[in-house]
Each structure stands twice: as C-alpha cells, then as structure tokens.
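So this first bit is one chain, no partners, the form predicted alone, shown in structure tokens.
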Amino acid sequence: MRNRKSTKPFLPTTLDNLKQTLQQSFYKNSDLTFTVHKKHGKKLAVFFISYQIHTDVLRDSLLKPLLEDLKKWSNEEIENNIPIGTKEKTDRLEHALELIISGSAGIYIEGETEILFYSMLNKEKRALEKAETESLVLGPKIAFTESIITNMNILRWRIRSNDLVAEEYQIGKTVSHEVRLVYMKSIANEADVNTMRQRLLDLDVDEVLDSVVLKQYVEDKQWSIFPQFDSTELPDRFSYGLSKGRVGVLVENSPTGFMGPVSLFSFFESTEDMFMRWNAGSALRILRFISMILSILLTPLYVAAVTYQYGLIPTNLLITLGTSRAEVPFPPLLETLILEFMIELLREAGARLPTKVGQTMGIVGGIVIGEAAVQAGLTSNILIILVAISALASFTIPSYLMSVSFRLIRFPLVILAGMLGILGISLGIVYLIIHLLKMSSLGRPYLAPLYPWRFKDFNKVFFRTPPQFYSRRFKSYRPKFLFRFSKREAKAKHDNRD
C-alpha cells in the first residue's frame, strides 16, 4: 500500500463520496466491488476486493442476516447480531485501505462516524510437502509453506509450550508483509532478541520480497560473502535452533525462515545428525569439515604445485602429470579456471532446468564435456579428477548458501596460487581467517567456539557425544538458562528389575 501520511477522519460522508474516494485510492481498479443497499429509509454500502475474501462466508454469514434478519441498521446492531470472524472499526482512510487489501469486507451506513470491517480473507496456500532444497534420510521431512499462519501452526505443534513467543510486525511501506519474530522466552538471550527486533523495526524499505531478502537487510556485515544467519525450510531445524537459544524470523509469502546468532560451523550441522547414533553423526560431521578443506584447497594446490612447487609432487606422479599435460596448450592457471568455469556452468544449468532434465544434463554434460576436453588436449585427466572431487566436496555442506560461498572463494585462491604459488594460497587463507575473525552474527563471534575458545562447546559443533553429555546448551549464544537437564540424573539408570 502507498505511504499516505494523512490521519484525519474522513467520516461521516455520503455513499457517493465514499465510493469516489475508494475508487480514486485504488485508481479506479475494477478489483474493488462496491454495492449499495437500501432498507428502512437508510442506505448501506458493502465493499471489498472480490478475490480476497470468502464469497460463501460473505453471502451466508454477512449479507443474508444483514439484509433479511436485521430490523434496524446501525453499527451497534450489526456488531451484536453478526459476530463473525475478526471485526474492526475505523474512521481513517489509510486504515480502511489496509483492511480492504488484507481481505476484509467493509460496511458503512450513511451518516455513521465509523466503518465496520469483518475479516474474510481467502488465502490461497499449497499443501504441506516434502522439503526440496534440504534433503534428509532420517527425521521429519515436512517443509514450511508460503503461509505464515501454516508455518506458525507447524511450529506450535512441534513446540507445545507457552514459552514460545511470536511477535508480529508489518514491514514495507509500499507493499506491507507480516513478519514474525520467534524465540523461546526463557532461553533466548534478551540482548539478541532486542537486537533483532531493533533491526526489523528500523528497516525503511518499500517491500520485503522474501525472508532471504530480509535477512540481507539485517545482517551484521552486508559486504561479506558469508551468510550470517541460518536459512532453512525445515520446521524441525528451525525449532531445534530455537531450543538452543536462537532468535528466528518468519515472513509471509516465504517458505523459509532464518535464525541467529550462528557461527561458521553451524552451517555444517544437519538435524539428521541428531537422529543417528552419536558416533555415526560425529563421523559425518567431521567428513563435512574435511570436504570443506578439500573444496577450497584442492585445485589451488594443483596450480601452485604444477606452476612453481614441483618438489611437492612425488616423482612417479610427476611423470604421469607431465605426460597428461604434454599436449595442453594453456598454463595451469588458465586451464584450471576454464575447467572450474565449465563445472559451474553445468551446475547452474542443472539447477535451472526441470528436475529430470537437469539431472541428465549434469551427468551426461559432465561426462561428454570432460572426455571431449581431454581428447582435444584442453586439459589433463588429473585436473578433471581434482575438479570433480572439489565439486563433490562442496555438495556435502548442508547449507546451500554456505556451499556457494566456498565455491566462489576457490576462484581467487586459484588466481593467487597461479601468481605466487604456495605463498599466494597462504596469503589468501590468512586474509580469509582475519575476515572471519572480524565477523559476527547478531554481535556474537562468527568463529565460536574456536574464538573465543570454549572447549566445552566443541561437542555441539565439531563432533557429537552420547545424549547424556548434552546437559548444557551452546554457551557461545549466551542463553538465559544454560542447563537443559541434570547431568547426574541423566547418567543414572533406573531399571526396575523383578
């Protein structure tokens, strides 16, 4: 809705003037339905946007008793005898327009000082479905939808506690969207809640298209390539984050929510880890960290070794590598950049095409183009293997946004390796670590628990331990209530044997 600054009452008025005012406000849009009825010497207007409301409810629960049952027309009589849905009264044009857009039907009796509105919103929404972007083998697979009411319903079903708080805000001057600030009252740090609330209220934007867009507005460092809030379409991951003391945000018309504060290592966690045995979950989590290192360093190390540091390559492998590169006309730097670019093209094309076509494109395209590139002498077999391993390693990261970040980091590291060798890679890694040390999420350190050092939080980040050792929440988030249960009671066995 447009930003109208006038707040003066515009009632009472005639029905003709009201109709003209509303039509001018909607620029004579045909979406607005305005009907006039006469009874007992009085005139009454009913107006609404037809596709925004339940027409059956309007006909049976409002118009029928209004035109047939009521003997006297007044706001008081209508309120007392037609108690349907949520009702509001206003004498402000701005508020009236907001209510019409929000799916309310307005009733105005000529000469009255207020318009009576009944909410009859007909909200189109898709059914609950399986998550598309976050695949799981174990655990709940239901995903959020575009309806914030449905999403809150799912959360309430998962967190059956009056401790769950959902503060409602309207953000956007031109197109307003409902935003919910969600947190656990007894767990979330009050400073984190206040920080997120302040950032939301301070926003001065025309509209917020999605929660992913809103997240970029409220991040600590908007110029960083790394995400500073954890986005998810899984209600169980969202509720799990809330139970750890995070603050979450849901947006109307968005099938994802985001949470903070987070650390860099939070993006390597999967709720699936919690449904496995602790040792299997630990092994998979450690595998993801190894994959991250391989994804970043594998191809830059190849470029550095082949260009400058031949001594790092074993003699037998060096002979094989020399034979493979004998007919390649490009230097290692350009060869690697071309192949990395081709891989990114295949990945992006596969993501944009329909699912079945995209899978075929990725597999067939990778095999055909890779084989053709080797046969044409454009690249070596060894580099194709290394690039493929790097691509596979990046897919193991549960967060798509973090996976994209590490894929992009690889390009400057390859360039530095081609220019300065191992020294260039070292400089790039040092700059990356300094950048991460300076970052924060809702003011909390981005590298926690490595910096600041908190060894007791390691079992919640880098590996898992048996459930009885999870008596403490993640201390780096500074939750109000640190302990989840008594560690002594958890260790005790209360078997009743006859």
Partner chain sequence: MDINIKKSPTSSFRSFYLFFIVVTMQVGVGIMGAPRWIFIHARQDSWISILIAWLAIAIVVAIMLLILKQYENADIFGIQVDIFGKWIGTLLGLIFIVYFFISNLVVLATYIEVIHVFLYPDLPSYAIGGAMILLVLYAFVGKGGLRIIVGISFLFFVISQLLLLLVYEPIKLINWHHYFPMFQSTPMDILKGAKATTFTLLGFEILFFIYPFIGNKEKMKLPIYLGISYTTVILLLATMISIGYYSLEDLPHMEWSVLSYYKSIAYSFMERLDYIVIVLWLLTVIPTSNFLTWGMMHGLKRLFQIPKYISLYSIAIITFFLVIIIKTDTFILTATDKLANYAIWLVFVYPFVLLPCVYIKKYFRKQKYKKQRAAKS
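Note that this is a predicted model, so its numbers are computed, not measured. Residue numbers count along the first chain shown, from 1.
Keep in mind the form predicted in complex with its partner chain is missing from the figure; the text below concerns it.
S.K.: Is there any non-hydrogen atom of K221 lying within 4.5 Å of its partner chain in the predicted bound form?
M.R.: Judged by the heavy-atom cut-off of 4.5 Å, K221 is in contact with its partner chain in the predicted bound form.
S.K.: Can you tell me if S61 lies within 4.5 angstroms of its partner chain in the predicted bound form, counting non-hydrogen atoms only?
M.R.: Answer no; every heavy atom of S61 is more than 4.5 Å from its partner chain in the predicted bound form.
S.K.: Would V461 count as a contact of its partner chain in the predicted bound form, using a 4.5 angstroms cut-off between non-hydrogen atoms?
M.R.: Answer no; every heavy atom of V461 is more than 4.5 Å from its partner chain in the predicted bound form.
S.K.: Just to confirm, L447 within 4.5 Å of its partner chain in the predicted bound form by heavy atoms?
M.R.: Within the cut-off, so yes.
S.K.: Go through S405, S426, S176, S243 and name the one with a heavy atom inside 4.5 Å of its partner chain in the predicted bound form.
M.R.: For this set of options, the contacting one is S426.
S.K.: Identify, from the list Y470, Y451, F26, F34, the residue with a heavy atom within 4.5 Å of its partner chain in the predicted bound form.
M.R.: In short, Y451.
S.K.: Any chance Y431, L437 and S440 all have a heavy atom within 4.5 Å of its partner chain in the predicted bound form?
M.R.: Yes, all three are in contact.
S.K.: Counting only non-hydrogen atoms, choose the one of 413-421, 106-114, 186-194, 256-264 that falls within 4.5 Å of its partner chain in the predicted bound form.
M.R.: Correct option: 413-421.
S.K.: Across 305-330, which residues bring a heavy atom to within 4.5 Å of its partner chain in the predicted bound form?
M.R.: Result: Y308, Q309, G311, L312, I313, P314, T315.
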